[in-house]
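Presented below, as structure tokens, is a lone chain in the form predicted on its own.
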């Protein structure tokens, strides 16, 4: 439903007269002595420049944000003077423990410092000079088709929540916007790689699509962050690392190097957010365990579907010959077990204790055949 301001400013003579008074030189300067704290920020490291951490000062700092933000529902910048009838934005996330991570400002600054451009930073012409065999190029096309699905849902997650986060968490909202830009950049890179090689996009994964939708529409931000930022972020990080290790071209190795640094930040935030949430709301740990009980099956939907496993086997083995497929199967078998182990290590280190003993995943992973 549309919001309408208290007045139509095209018909408000008082507003027009106030503007005319200012332009005639009759300045009111009512803002000059605003009831705000006077500070002077300066960079701690001139080489790094002025960061959000340098401005964590007094009433302007993020360290002073209370757990419950009760008296700020407008879009006013944190620390400025509030006066008059400010609009209520209807924010849904007003508790710091729902959204915050102690590393959010450093991740935001790092994201800016390490930003890259797929159009020029990936050596695309290497594929012209050294084209891949048809089966390897097709496997890459399928892999990058799958990765686009993961990138798009990660982008959608931040965009779904950012407008619902209280404006007092401005550093958090800045980080979420950086996440959207990062996943848009990865989607661009994955798409360009699939199309540049000449094989075109391949087949979408029903299992991945179904599972990712379940994660995307989690009821709360902490649940969704657990799934998208930590679980999916860690999974994509592992995929990129696997492909980088067996990269069939310099293009794939370079692209995956950039993708790893971006997905590592996503995973680091997801870890930090879950840890902050559980530290400040320990009584909700069991509810998070129950959420994982219900939705953790998506990990198997991702790492066990043929649209991912088959291209990984071909890439790791180097082709479709019998020995190549066997070598690829051995490498991917190790990959599956590594993904599961890292997943449990992260969430248990974040504070969700005993998850690996409670989960159904280890027993199911053990049923996946290990090549002799």
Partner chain sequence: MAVSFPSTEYFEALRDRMAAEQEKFRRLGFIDTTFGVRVGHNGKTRNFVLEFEVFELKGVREVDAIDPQKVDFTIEGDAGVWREMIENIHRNGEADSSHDINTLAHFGEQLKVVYDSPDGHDKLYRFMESIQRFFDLSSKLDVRFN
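Computed from a predicted structure; not experimentally measured. Residue numbers count along the first chain shown, from 1.
There is also a form predicted in complex with its partner chain; it is not shown, and the following applies to it.
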item	value
Contact of residue 265 with its partner chain in the predicted bound form (heavy atom, 4.5 Å)	yes
Interface membership of residue 244, its partner chain in the predicted bound form, 4.5 Å heavy atom rule	yes
4.5 Å heavy atom contact, residue 124 to its partner chain in the predicted bound form	no
Touches its partner chain in the predicted bound form: residue 203 (any heavy atom, 4.5 Å)	no
Partner-proximal stretch of 27-35, 66-74, 302-310, 340-348 relative to its partner chain in the predicted bound form, 4.5 angstroms, heavy atom	340-348
4.5 Å heavy atom contact with its partner chain in the predicted bound form for all of 78, 94 and 284	no
Position in contact with its partner chain when the complex is considered in the predicted bound form, options 213, 82, 130, 250, heavy atoms within 4.5 Å	250
In the predicted bound form, the residue from 258, 291, 235, 196 that sits within 4.5 Å of its partner chain by heavy atoms	258
Neighbours of its partner chain in the predicted bound form among 39-57 [non-hydrogen atom within 4.5 angstroms]	45, 47, 48
